[in-house]
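Take a look at this single chain, the form predicted alone, given in structure tokens.
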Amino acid sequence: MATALEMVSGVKPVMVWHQETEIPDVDLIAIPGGFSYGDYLRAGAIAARSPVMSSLRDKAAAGVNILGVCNGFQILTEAGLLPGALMRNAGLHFICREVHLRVENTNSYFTRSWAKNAVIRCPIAHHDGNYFTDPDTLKKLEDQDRVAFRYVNENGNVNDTSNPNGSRNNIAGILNDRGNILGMMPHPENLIESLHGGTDGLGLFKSMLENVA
């Protein structure tokens, strides 16, 4: 994540340790993937209660843009900053492979460089990526255009086969109601240069850079 941000912006990101209590003034806060606390309780549950999260909540309320990828998405849901929960994959196995995503919302800080319904490749690597929420919240996400990415096949079609983890409505990423927080399970930072096998993930970082004041 840090490499992707530096490559696109030319600025080295400031690292903040989870035991710190203050996040400096920044344009973007990125919570990367990984396995915080070994995911021993629930994925992201303990990390969501780290000291730094109080400052992160304040930044979110102030409108600072926040990106959570994979474990970062799990932390954001556990912290109540995004609705729903990430459960065990439907197949109960860790999944590490490429998938196809359809860009559903192109009006956000995170997605504006893509065309509506663009189909991109993106790696996934998770055991708890099955997005779940109640029917009312699911309807609200859909009606308010807050689904940012959806799992599809290479032709852009939504079906059970293209859903790697059982997520409701094939959801791969969502926005909060204000639009300044994005959580997504796939890893766009792992597909940003040709040596990685493609640059489909660059769109996220270009979108964010274009929107920095």
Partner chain sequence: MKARITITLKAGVLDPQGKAIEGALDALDFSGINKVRQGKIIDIDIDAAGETEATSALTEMCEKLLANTVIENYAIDIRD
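Numbering follows the first chain given and starts at 1. Quantities reported herein were computed from a predicted structural model and do not represent experimental measurements.
Missing here is the form predicted in complex with its partner chain; even so, the following discussion is about that form.
Note that among 172 to 180, 39 to 47, 24 to 32, 146 to 154, the stretch whose heavy atoms approach its partner chain to within 4.5 Å in the model of the complex is 39 to 47. Proximity of residue 95 to its partner chain in the model of the complex: non-hydrogen atoms within 4.5 Å are absent; the residue sits far from the partner. Interface membership of residue 105, defined by any non-hydrogen atom within 4.5 Å of its partner chain in the model of the complex, is ruled out. Of the heavy atoms in residue 88, some are within 4.5 Å of its partner chain in the model of the complex. Although the partner is absent from this view, residue 123 stays clear of its partner chain in the model of the complex, with no non-hydrogen atom inside 4.5 angstroms.
When contacts are defined as a non-hydrogen atom within 4.5 Å, none of 100, 193 and 201 contacts its partner chain in the model of the complex.
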